[in-house]
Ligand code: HEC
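Given next, in structure tokens, is a single chain: the form predicted alone.
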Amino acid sequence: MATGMLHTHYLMVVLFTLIYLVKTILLLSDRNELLEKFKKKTKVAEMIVSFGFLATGIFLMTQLPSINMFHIIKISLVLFSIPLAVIGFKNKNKILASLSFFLIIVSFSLAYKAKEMKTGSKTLALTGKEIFEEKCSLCHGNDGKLGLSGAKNLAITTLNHQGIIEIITNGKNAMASYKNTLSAEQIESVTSYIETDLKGK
């Protein structure tokens, strides 16, 4: 369910951004008649997308074991941008509408930054357990069973040693690739930790 919700959220984000991009461009180019036609034709779709965007985002937030500063700032920017957009497009205020769109883009950039921080840069001199807790526990949980964002339950995985290495190295679905952030020895260490401390427990 979490994987499906994550993909749905990504879809809602893309559609939400496209709708506001078109509206902002039309407003800034003084094509008010075309803007009104676009708003009228997409009114229902925009409501559905906006609700889906917020609902899936809130659901995914509730699945996080902890909320960091990037998450708080992202939520604040999105919530602040919505009334700005409503006022901006209603009053055809180019500054407010542009600011709203800018805040939306910044919030998405922060989400990407948070994900980048989760994968991080090269991790040195850590045990397999420490690397797992730093890089993997956010989605898998410390016991490997959390299942956030579609993460598999590592306690019941049927993957063999090489299969685990392959997924850690290259990633799969929503899981990031760690070939550029962990050395082969570190990936081996994490794999061994999964097999000895999590798998079958």
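All figures in this text were calculated on a predicted structure; none of them were measured in a lab. The term rigid core refers to the maximal set of C-alpha atoms that superpose within 1.5 Å between the two forms. Residue positions are given as counts along the sequence shown, with the first one as 1.
Another form, the form predicted together with this ligand, is not on view; read the next lines as being about it.
Item checked: Stretch from 25-33, 156-164, 51-59, 38-46 whose residues place a heavy atom within 4.5 Å of this ligand in the predicted complex -> Going through the listed ranges, the match is 156-164.
Check: Within 4.5 Å of this ligand in the predicted complex, do we find a heavy atom from each of 19, 82 and 89?
Finding: Result no, not one residue of the spot touches this ligand.
Check: Would residue 142 count as a contact of this ligand in the predicted complex, using a 4.5 angstroms cut-off between non-hydrogen atoms?
Finding: Residue 142 lies outside the contact set for this ligand.
Note to self: Whether residue 173 contacts this ligand in the predicted complex should be assessed with a 4.5 Å heavy atom distance threshold; does it?
What the structure shows: Yes, residue 173 sits close enough to this ligand in the predicted complex that at least one of its heavy atoms falls within 4.5 Å.
Notebook entry, point to check: Looking in the predicted complex, any heavy atom of residue 136 within 4.5 Å of this ligand?
Noted result: Contact check for residue 136: yes, within 4.5 Å of this ligand in the predicted complex.
Checklist line | in the predicted complex, residue 190 touching this ligand (heavy atom, 4.5 Å) | finding: Flag for residue 190 set to yes.
Margin query: Taking 2 Å as the cut-off, check whether the CA of residue 132 shifts that much or more between this form and the one not shown after a rigid core fit.
Written below: Yes; residue 132 is a residue whose C-alpha shifts (by 2 Å or more) between this form and the one not shown when the cores are overlaid.
Checklist line | Core-superposed comparison between this form and the one not shown, residue 39 Cα displacement 2 Å or beyond | finding: For residue 39, whose C-alpha is compared between this form and the one not shown after core superposition, the shift is less than 2 Å.
Item checked: Cα displacement of residue 157 between this form and the one not shown reaching 2 Å, rigid core superposed -> Shift of 2 Å or more: yes.
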